[in-house]
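Just the one chain here, laid out as structure tokens, in the form predicted alone.
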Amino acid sequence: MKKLTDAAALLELSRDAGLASILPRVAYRADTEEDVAAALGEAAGEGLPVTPRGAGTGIPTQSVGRGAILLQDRAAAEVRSGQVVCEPGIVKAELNRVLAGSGAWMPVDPSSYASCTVGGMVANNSSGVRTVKYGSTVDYVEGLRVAVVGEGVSAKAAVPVGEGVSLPGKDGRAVSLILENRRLISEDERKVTKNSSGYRLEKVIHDGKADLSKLFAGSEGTLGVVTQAALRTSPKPEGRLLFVVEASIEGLGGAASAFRGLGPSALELVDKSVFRVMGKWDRISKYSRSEDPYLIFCEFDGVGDDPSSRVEEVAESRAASFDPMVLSSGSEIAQAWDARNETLTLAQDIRKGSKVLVPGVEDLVAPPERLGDLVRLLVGEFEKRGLEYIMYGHAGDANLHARPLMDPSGPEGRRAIEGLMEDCFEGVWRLGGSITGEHGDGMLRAKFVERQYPKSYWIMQELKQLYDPRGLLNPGVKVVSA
């Protein structure tokens, strides 16, 4: 284990993809599981909070902290039958290459897949463009190895419910607590296809099993530190087909609904204005045939070598009224997705004086059929305040990445962002949605989690107290201790 204390290294770790900057006192670079446990033990002995960190791609301030930063570079991956067992430091793009050699696939690819680590994906319950068909990271976790403060490293996996309540120590108490309160958990469950707010309590008891790996997945490093993940894989479907249509703000809901009914593997929204503003219009000009401000990418996979039947199906459906452009070659489709994935990178550089595109309401998600209502909610709140904004995201999941241009500096700027968050969150809760679909709560949204889960938040607090009684793991992130 290496201990980093030099100023340059710590300064580099004081920022992630969020707005806040917090300088840590020390950083640990753990080369083994034993190192992870030793780092937690040393930090606990000094009373230092610990922030596990992957690649630092998190947006809501979740991988910076004032105490110790814990890094894991271990990046091995072993492909097994229907599963890949990997270490937390492997970047998702590299895991994709490893799996491709065996014909296997783990379909969750965040926009940051070229740089984000699998450990970060598990901790954050990351999603991506294909969640509409395939689900989020938590749906692929089949087992974890987790380091808990004061307890070393242990395995978390599905066991029969009867065995779950009899697990030794904290694990058995956690299973019992969740099992006894399933009704409250169900009543608080959001009716969305993706959700990264709070702990995924509704996932723990399933198919007659108690599965604590589902609790630690998505916990943002607040309960324990993931040191290994076993992820479900499947054969990669052969052949893809991409339809591109244009839409106005008013037409987004109808276009997305028309394609969603056909069972796409991805249904994405792209804001043309990002490319215009940043002088990158050539990246998407070939897909634009009108003045409508948005593009919708609808992908179907598993079409094989002859996608004509799917083309005919779209042509005979309501989606045909949107005059889709059809891309069928692998290179054309790859270029289109590369352009889409560039949206966030470009958006992060948009500035007007002291104004930047701020997070806060950048990851709202509603029930899929309420996409139009979510668009109207966001546009209404932005226009009421006279804010310029961009909006893109996952139309199939009604998960929008909308960011307004605001000045986040000073008390007045922070109050303005808080006010926008308050109003947008209240609106999305009325729609049955969540304050974050895939980015997580971090410090940015932690204080709102209780209001999203009025009946079950206390259970999250109990679990935090159970596994991290001193509040040393990522304090202020996701769940505020009771």
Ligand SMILES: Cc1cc2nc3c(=O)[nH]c(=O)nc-3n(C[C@H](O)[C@H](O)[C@H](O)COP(=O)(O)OP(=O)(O)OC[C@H]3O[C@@H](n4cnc5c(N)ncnc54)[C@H](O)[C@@H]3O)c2cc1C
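Here the structure is a predicted model, which means the values were calculated and not measured. Counting begins at 1, following the sequence as shown.
Keep in mind that the form predicted together with this ligand is not shown, yet the notes after this line are about it.
Novice: Given that the partner is absent here, state which listed stretch (167 to 175, 98 to 106, 229 to 237, 126 to 134) has heavy atoms within 4.5 Å of this ligand in the predicted complex.
Specialist: Only one stretch qualifies here: 126 to 134.
Novice: Work out which of 110, 143, 368, 372 lies within 4.5 Å of this ligand in the predicted complex, going by heavy atoms.
Specialist: By the 4.5 Å heavy-atom cutoff, the listed residue in contact is 110.
Novice: 264, 404, 393, 224: which sits within 4.5 Å of this ligand in the predicted complex by any heavy atom?
Specialist: After the contact test, the surviving option is 224.
Novice: Would residue 220 sit within 4.5 Å of this ligand in the predicted complex, counting heavy atoms only?
Specialist: Contact with this ligand, yes.
Novice: Answer yes if any heavy atom of residue 149 is within 4.5 Å of a heavy atom of this ligand in the predicted complex; otherwise answer no.
Specialist: Because no heavy atom of residue 149 falls inside 4.5 Å of this ligand in the predicted complex, the answer is no.
Novice: Wondering, does residue 452 line up within 4.5 Å of this ligand in the predicted complex on heavy atoms?
Specialist: Residue 452 lies outside the contact set for this ligand.
Novice: Quick check on residue 88: any heavy atom within 4.5 Å of this ligand in the predicted complex?
Specialist: Yes, residue 88 sits close enough to this ligand in the predicted complex that at least one of its heavy atoms falls within 4.5 Å.
Novice: Checking a candidate spot here: are 200, 434 and 456 all in contact with this ligand in the predicted complex (at least one heavy atom each within 4.5 Å)?
Specialist: So, no: the whole triplet misses this ligand.
Novice: Looking at this ligand in the predicted complex, which residues in 47 to 68 have at least one heavy atom within 4.5 Å of it?
Specialist: Sequence-ordered list: 51, 52, 53, 54, 55, 56, 57, 58, 59, 62, 63.
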